[in-house]
Structures are given as structure tokens and as C-alpha cells.
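Coming up is one lone chain in C-alpha cells, specifically the form predicted alone.
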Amino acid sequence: MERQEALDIVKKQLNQKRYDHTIRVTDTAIALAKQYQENEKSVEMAAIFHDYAKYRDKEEMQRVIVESDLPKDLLDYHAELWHGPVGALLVQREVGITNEAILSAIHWHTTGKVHMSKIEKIVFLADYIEPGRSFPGIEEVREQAWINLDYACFMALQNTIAYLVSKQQLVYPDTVHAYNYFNKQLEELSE
């Protein structure tokens, strides 16, 4: 599928602000793919479709989770997390994308996970650092994204967890596990 066809499909699912975000995420992801020698076409498709289910009705997303193989514990956490895993399933069903690397990057872009692939890291980070975002700590992550992909993911996870804790919100276990995984990996490298 070509970029414009994919964008035309996703534009119908998003409001203008989120569509503009999607363009910035896609451009950031492609630049990161070039930096880290990842398949640019796969990264591009994952980035374009990463928020495909963002504005789906909560009841519809809940139904997809209940009726699929997705972890049921997702329902115990903020609905904001649902659009990644649900989106991956809907992109497969409704758009016909079957590439597992693309679907997995869509699935994990909100939470991260242990043993993330390069494409998963790139889409996760591109969504976090795209130029339209502005919040404390983002500049440091942006700088690190071009130097060390793993360390940038670690920093993004650390910031996300700190933010959720400061708001007294639940932190999805995969996010905590991803943080611990990157922390341990980086610790071992510095020894």
C-alpha cells in the first residue's frame, strides 16, 4: 500500500488535529528508520495506522477486547491504552494489513513491552517525540532518540510512569516491565 492510500484510509478515522499528529509521527518514524537502518516502508505503515482506533467508541473497543485474544486486564486500565491493541486488530480486519511487524508496532505503541523490536521502538518513540508534542522532559528524549534508541525508550517510559504516578493513575504492567527491562539492559551495558 502506498503512503497516500494509507493516509486516505486513516484520515476517515481521525479528526484533523489527530491526523496532523499522525503525519508528524510518520515523518519522525521514517527519519528514525533511516537513522537505525530499519525497513522504512514497514515503519511508515505502522506509524500511519498507529492511531487508527483512537476515536472508536469505548463500548466497541471493549467488545473487541472481550471477544478477541487480547489480554482482558486491559479493561482494568484507562481506555486510552485500548486503541493500540484494538487498533492492530482492526487494521488487520478492516484494512487487510497482515504484516506482523507492522501490527505489533501498532499494538505496543501506547504501553511498550519487554523485548521490543526495532520497529516497535521506533513507532513508540516517534509517537512520543513528534514535533507537535511539548511537555517536561521531551527535549532530552528527542536528543537521545538520534543517539541511542534503547536509552530514549527508557527515558520515555520513565517519564510516562512518573507522570501517571503523579496523577495517581494506574500504570499498565507491560509499561513497568518494559521500563525494568530497558533499565537492566542499560545497566548491564554500563558495567
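Throughout, we count residues from 1 along the sequence that is shown. On a predicted model such as this, the values are computed, not experimentally measured, just so you know.
In what follows, reference is made to the form predicted in complex with 2'-deoxyguanosine-5'-diphosphate, a form of this protein that is not presented.
The stretch from 156 to 164, 33 to 41, 142 to 150, 65 to 73 that comes within 4.5 Å of 2'-deoxyguanosine-5'-diphosphate in the predicted bound form, counting heavy atoms only, is 156 to 164. Among residues of the shown chain, residue 101 is not one whose heavy atoms approach 2'-deoxyguanosine-5'-diphosphate to within 4.5 Å in the predicted bound form. Though the partner is left out of this view, residue 93 does not reach within 4.5 Å of 2'-deoxyguanosine-5'-diphosphate in the predicted bound form, counting heavy atoms only. Of the heavy atoms in residue 56, none are within 4.5 Å of 2'-deoxyguanosine-5'-diphosphate in the predicted bound form.
Heavy atoms of residue 182 never reach within 4.5 Å of 2'-deoxyguanosine-5'-diphosphate in the predicted bound form, leaving it off the interface. Contact annotation for 3 to 33: residues with any non-hydrogen atom within 4.5 angstroms of 2'-deoxyguanosine-5'-diphosphate in the predicted bound form are 18, 21, listed in sequence order.
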